[in-house]
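Only one chain comes next, encoded as structure tokens, the form predicted on its own.
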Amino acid sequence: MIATIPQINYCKKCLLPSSSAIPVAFDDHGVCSACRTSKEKEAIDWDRRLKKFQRILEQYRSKDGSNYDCIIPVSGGKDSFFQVHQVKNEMGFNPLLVTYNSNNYTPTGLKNLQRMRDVFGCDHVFFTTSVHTLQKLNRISVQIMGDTQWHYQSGIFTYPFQVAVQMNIPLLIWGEHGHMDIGGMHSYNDFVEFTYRYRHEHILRGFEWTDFMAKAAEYGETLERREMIPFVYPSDEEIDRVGVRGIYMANFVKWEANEHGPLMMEKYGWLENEEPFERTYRRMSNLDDFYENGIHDYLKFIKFGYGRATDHACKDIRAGKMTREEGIKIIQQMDHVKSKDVYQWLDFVGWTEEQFDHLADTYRDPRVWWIRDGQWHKMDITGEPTAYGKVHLTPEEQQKYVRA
């Protein structure tokens, strides 16, 4: 039984909570590291950075045209379009586009991806894992880490490197560094590049394909080595032989998603999602995998007490597109919603809702949640304790959450 109600601090400028799923720090004024890092963009000489970007790409240009100049991992989203627009049409390089398929595109997202190849005239490698393997990885993933999406994150940050090694293309160009963009993990002056350590510790949360092989039998699954081929990161020797390097365009070109969307619509006919999402107000994000705005994000709310509506509102507050008060109203309406795709996912893996709800409750962070009168409670952004529904744990499992 806990003695005191857990407290959550929220950034004074945006809405990011101290229970953040990614590393975040607060200064003496209660402002988060994401807001501080985002502020850096105003003082950067972007023309100078673009020239630096050009010089880097020139180092990797295929001099005789016998190979591609670089790889751009793409999902078909607005940011992918912006990356290819910048590298191919603005700077004149010849990228190979590489996609690891989530298997969960919205119809509009898939339409955008197909359009990307046509409007840019690029070659495109598109890889899809067996659905039978995906079903097993989804079930194992949610049990060992409380998330359904390990395969997608692993595929996105593994398969393009496999292609780089196989085709001797050293340079990979990513968009933004996710943890830097959302949480301010690094400064723009660090010029941080992609590392295996970042992939392993933060993107995959410490779980590699070998862990899934080792854990499969424990959860009643059978995984074979051949099923894990898309998730095997190249060896150090292979990386060194090709000289593989991953850089982030956002360090060199001012990155503002609110501008990418309209610009790509105007220039290339990129489309927002036709249907609104239930857990965020944005219709221009995550069209490559509807679970990212759905069950994956719902589990984040279950664990850490906030969701994608908070992430998107924070970005829009920093960009001056929304006030903090407007953001608060949105997250109070959307962060807790159990979206309909949860039931689609249950059909996909053959689980019951009761099975899922119980497992999800075991991942609740006791620094965020407590139980009172058979209901889950957390401290809302307004500073008021708020109830968020029925508890699905056994009496023994509830003990560490019960408030006196």
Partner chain sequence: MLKKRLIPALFIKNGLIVRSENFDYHQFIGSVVHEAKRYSDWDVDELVYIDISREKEYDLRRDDYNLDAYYSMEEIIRKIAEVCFMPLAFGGGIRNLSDVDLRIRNGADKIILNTGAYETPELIGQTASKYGSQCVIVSVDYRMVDGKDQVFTSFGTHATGLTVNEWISRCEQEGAGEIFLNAIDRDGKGNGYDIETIESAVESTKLPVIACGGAADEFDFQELAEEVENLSGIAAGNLFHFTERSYPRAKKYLKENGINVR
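Just so you know, these numbers come straight off a predicted model, no measurement behind them. Residue numbers count along the first chain shown, from 1.
One more form of this protein exists, namely the form predicted together with the partner chain; it is left out here, but the text below deals with it.
**Student:** Would you kindly say which of N168, S187, Q86, Q162 lies with a heavy atom within 4.5 Å of the partner chain in the predicted complex?
**Tutor:** In short, S187.
**Student:** Note which of V98, L113, M264, V244 lies within 4.5 Å of the partner chain in the predicted complex, where distance is taken over heavy atoms; exactly one does.
**Tutor:** Here the answer is residue option V244.
**Student:** Name the stretch: of 254 to 262, 72 to 80, 194 to 202, 276 to 284, exactly one has residues whose heavy atoms fall within 4.5 Å of the partner chain in the predicted complex.
**Tutor:** So the stretch in question is 194 to 202.
**Student:** Quick one: is R324 in contact with the partner chain in the predicted complex, heavy atoms, 4.5 Å cut-off?
**Tutor:** No, R324 stays farther than 4.5 Å from the partner chain in the predicted complex.
**Student:** Should D365 be counted as a contact of the partner chain in the predicted complex, where contact means heavy atoms within 4.5 Å?
**Tutor:** Residue-level check for D365: yes, a contact with the partner chain.
**Student:** Using a 4.5 angstroms cut-off on non-hydrogen atoms, would G206 count as touching the partner chain in the predicted complex?
**Tutor:** Yes, contact at 4.5 Å.
**Student:** Can you work out whether V24 and the partner chain are in contact in the predicted complex, taking contact to mean some heavy atom pair no more than 4.5 Å apart?
**Tutor:** Within the cut-off, so yes.
**Student:** When the partner chain is placed as it is in the predicted complex, are T37, D211 and D240 each within 4.5 Å of it, taking any non-hydrogen atom of the residue?
**Tutor:** All three within 4.5 Å in the predicted complex.
**Student:** Listed by sequence position, which residues of 300 to 336 have a non-hydrogen atom within 4.5 angstroms of the partner chain in the predicted complex?
**Tutor:** Heavy-atom contacts within 4.5 Å come from K303, F304.
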